[in-house]
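Only one chain comes next, encoded as structure tokens, the form predicted alone.
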């Protein structure tokens, strides 16, 4: 019951190994340079696609590998050990492609083929300058116009917005109707009315490519509505539990890498005539992080199992994301403390991981939103 990996096929295990090899050989040597230059690594996405890491869950009918959620989770955990921001960018491209393939009407094979090659990068646009976790409050509008729709509004804090050419964009079709009026549209950057904003500059996580765009009388065709009003909101919420689960998995991966980095350093560095880890206070701090990591992994794997089986993962996803972010932030800070000022040098991964763990506190629902989900469950369970 504690090992979800037993269900992995040999094909899935090979894909996970491929992700680990790509992360070690390609991402690790470049990740800090991406951050130092505030660079969004567009070519790295193309190379990851060529390595077969962008279509893991995509159906075989569209040329994908048709693998399960657990395999995707493990593959992107392996990449997050080296750089969570790039892993998050790639998984968002992956997810937008699978959703377009699933929901788009008509023949989208040419678009999917281009996305599989990395020629077109995908993203999903929910958040706006004035609407983040309160998704039902989005102001981007979609007004019916003949056989199409006219979209107007702004999106912000969108992963891959720096270069995305295919966007799953959520818009309100009936202002004042809340979630019931929200629909999803396929938006293309090459069309008139799409205005890309400059990407944001973060202290860490530049490889996430976060930014925004404006839609100014953008015309979407009738068959570019991916989800009708009401169903658009439900589709977005259905995917959020998987997203929260893999964010938790990325936090586990970063903390695991941090513990390894600190432990290796502390067995070699000597203070007062002994290796750092020979001192009980230092050793126990690292042991606490290791215990927290084990607990976070169990919560994450439980949620992943529910997601893969198609069950209701709302509560499990909220628990694992909240806890994994918390222990990653504390544990990575403790790993840096164990290494002293050495831990802050950018030749180590710890500082970048710590910043990216904080980034995880906001992606796909803030920590406060997870508490709201858990708190409401408790209210419903124990109310008269």
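Positions refer to the first chain, counted from 1. Values in this document were obtained by computation on a predicted structure and should not be read as measured data.
Although not depicted, the form predicted in complex with a small molecule is the subject of the following passage.
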Is residue 265 close to the small molecule in the model of the complex, meaning a heavy atom pair under 4.5 Å apart or at it?
no
Do residue 125 and the small molecule come within 4.5 Å of each other in the model of the complex, heavy atoms counted?
yes
With the cut-off set at 4.5 Å between non-hydrogen atoms, does residue 339 touch the small molecule in the model of the complex?
no
I'd like to check something about residue 368: if you look in the model of the complex, is any of its heavy atoms closer than or equal to 4.5 Å to a heavy atom of the small molecule?
yes
Single option in 159, 82, 241, 172 placed near the small molecule in the model of the complex, where near means a heavy atom within 4.5 Å:
159
Note: exactly one of 305, 92, 261, 140 sits with a heavy atom within 4.5 Å of the small molecule in the model of the complex, namely 92
Any chance 71, 76 and 301 all have a heavy atom within 4.5 Å of the small molecule in the model of the complex?
no
Given a 4.5 Å cut-off on heavy atoms, tell me which of 150-158, 173-181, 248-256, 190-198 is the interface stretch with the small molecule in the model of the complex.
150-158
